[in-house]
Every structure is written in structure tokens, then in C-alpha cells.
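Next up is one chain by itself, shown in C-alpha cells, the form predicted on its own.
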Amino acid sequence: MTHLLLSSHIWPDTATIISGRLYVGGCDVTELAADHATPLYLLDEATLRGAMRAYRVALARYYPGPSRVHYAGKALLNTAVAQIVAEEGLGLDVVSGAELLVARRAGMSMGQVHLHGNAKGEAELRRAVEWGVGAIVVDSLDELDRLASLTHGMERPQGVLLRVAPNIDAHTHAHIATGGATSKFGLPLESVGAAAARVFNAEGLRLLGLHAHIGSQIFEVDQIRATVGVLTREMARLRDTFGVELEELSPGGGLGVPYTADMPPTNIDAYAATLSDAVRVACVAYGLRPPLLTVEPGRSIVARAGVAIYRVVARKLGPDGALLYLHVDGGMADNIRPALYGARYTALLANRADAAPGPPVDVAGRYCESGDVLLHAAPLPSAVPGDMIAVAVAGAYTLSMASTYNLVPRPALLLAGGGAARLIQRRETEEDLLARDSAL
């Protein structure tokens, strides 16, 4: 019996190949696919919890002041994931009323929840206030005015963070860069003083601090330092103008993760060290006390914990008989990233993981779009219908952005650990899809 550990650079910590079959969390992936059907998503519990702990431990080691880790739920959120977040001592960032509901259902302390979003609805703001979220991250002056009206006369003021657009262009895909001056997110630097004045004059609001998020898939240290520099400079200006030293600084999240072997590994420890040093140096320069440092990782916590499983259903051969495509039973509806961002992934055959690779092949999804190609030139073994393709680093921004295009139900999600797998999100059914329809 062969027993081979896969690289933790790409695959979950527990991923291993035993006798040619992929195991995650001690579970045979091929058997899970047979029992639960495909497409199927797996979350490795050990990898998920390990990343959460790594953030907490690293910040406690390097940062001289108080620190807090908030999981960015937009990467992947359901009740079970929120429960793990709470069990690991993290806070939670949400961006909708339904995500708030998930947090409450999971038993999260609302004081450890932040509500984000550039276009929050009235009902969402009201729910956040009534449920006592720790902070509402204000994205515009219009939102601030609505929130001031909503909280007028409250006995306990609602905490707010002001989201700043720091005018830093993250070196990442344009669709996930959010820190530029013309980004749809955040207050322009010129408006921060006016926004702070409105909060100070609103009896139902309390200004906790400043927030920024320049984008996702950030690997460059200089961009982290630059973001911290802008936020601390604005905090010093507000102190000098209003005589109030803010207590919280949140430079967001966005630490990059590798999807292929040629990308650098995620280094949470180095990130925490760099960020902590940047805040420390900036606070000394501006004469500020070390504030509560809140970071908001999502992708770097959950991405590598996830594995997607697809079944090969057909092959397409060219006129010369060469293999052009493997067709699988999922695609852009459960993972839009390749079509939306040109994202690349790493894959293997879960049922024949030790087989030698054949000529590179494109893996095409089932949906009615030519752009529905999950993998380009994948170095997979020669595959036939019935083989299982496992795609690594599938935990973030896959199921959270999933759709029901072509009226195809969304996949199930299993939490794997200790040799057992628990269903934490059932497969959608055709009945679920039709429940919203009304006949004429």
C-alpha cells in the first residue's frame, strides 16, 4: 500500500494519497463522492481551524497592543463555519442581513460581528442596530446620515468604523482591487474629517476607528505598510482636529494564497510580523497609542481547506483524435472564478491520484457558456467518464458566489475530519429551485 503526503502548499493539511486514492480529513474522497454525488465540496476541518489559530497566535506574538481577528464571511459562510469561527475565538465580518442571521443562528456574540457593505439597506442597518453588532463599517456620507437618523435617541450608541478609500492601487486583478481613489468602496480621504464630525455630532453613534481594505490576493509587503500609513495619518489628523484618539484600526484582509505550485505560499506569521511592525512604527511617528488592531482574513483562512470534486461525464476529441476537453458535471455555476477572473487551479484524479500525467487537457464545465472552462491545459492522467477530478484551494469565493444558472442545483458541502465527514450544507434540490416560481 502506497501512502504519500501531498504538498500543503496547495492541498489541505490532511490531504494524502493512499493506494492511488485521495484522502482528506481521513476520508476517502472517492467514497464520499459516491455517497453524496457530485459536484461535491469538502472542507478540511484541521486546515480551517489551523489557519484561524495561526492568525491569533501570530498577532499576539508580534503586536504590542490588543488585536483581534475577524473572519470575512463573504469568502464562505454557513452556520457550521460560523460556529467554528466562534469556537476558535474569532469575530465575524458580514455584508448582508442574511449573513447576520447566520451569525445569530450559529450563536455568535453580536458584539464580535461587524457589518460591511457599500449599499446597506434600511432593514439591514436596522437589524444590525437592534441586534447590537459591535460595529457598522460606514461606507458613505449618505449611509452615515441614515444611520444617525436610525440611532437617534438610543440609550447605547452604535459603534461605527469609517471605511477609507486610501488611494492605494493593489497589484491584483482589477475586479478584486478595492483601495483606489475611484473604487466604489469607502470614503475619499477628503471626506474623512467631515464624516468624523457627523459621527461626533450624532448622539446615537460612537466613532471607534478607521477601516480600509485595498483588495484581495495581496502578496506585496509595501502595500500593507502603505495602507497602515494612510490610516494612522488620518487617525492623527482626527486627534489633532477633534481632540479624540480613536481606539481601533482595521487595515482589512486580503492576504494572498497560492492556487498553483508556481505561486508563493501563504505566510500568516510573516504577514502578522510585517503588519504589526508597520502599525508600531506609524504610531510612534504620529504619537499614537497602539490601537486595537483588527484584521479581516477570509480567503487565507478557508481557501486551502476546500476541495471540489467533479465527475468526468464525457470527452471531446478533435478531428485528429486528440483529446480536446474533459467535460465534468459542474463548472461556472459553482465556481465562477475561472470565467470571471481567469483564475487557475491545481487538480488531480481523486480515484487514480498516483497515475502518471498525460498530455495537458482543458476541463470544461456543463454550463451553456464557451467561457465555462474550469482548468486550462491541466496535466491530468488520461481520464475516462466516471473518473473523479479533485480541484484544490476551492474553499473561498466558490460556493459563496455560486448560482443556479441553467436551473442546476448547487452542490453539497461536507466538513471532513478525524476520518468522518459531516454534511454542513445539503445539496440544493429541484424542488428548492421551483419553490420560488408561481404559475400563471
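Residue positions are given as counts along the sequence shown, with the first one as 1. As the structure is a computational prediction, the values presented were derived from the model and not from experiment.
Form predicted together with a small molecule: not shown, discussed below.
Heavy atoms of M401 reach within 4.5 Å of the small molecule in the predicted bound form, making it an interface residue. Heavy atoms of I136 never reach within 4.5 Å of the small molecule in the predicted bound form, leaving it off the interface. Although the partner is absent here, S216 sits close enough that one of its heavy atoms falls within 4.5 Å of the small molecule in the predicted bound form. Mapping the unseen interface onto this chain, Y397 counts among the residues with a heavy atom inside 4.5 Å of the small molecule in the predicted bound form. In summary, the region of this chain contacting the small molecule in the predicted bound form, judged by heavy atoms within 4.5 Å and restricted to 337-345, 200-208, 228-236, 149-157, corresponds to 337-345. None of G253, G331, P166, G306 but one reaches within 4.5 angstroms of the small molecule in the predicted bound form through a heavy atom, and that residue is G253. A72 is the sole member of L293, A72, A353, L162 with a non-hydrogen atom lying within 4.5 angstroms of the small molecule in the predicted bound form.
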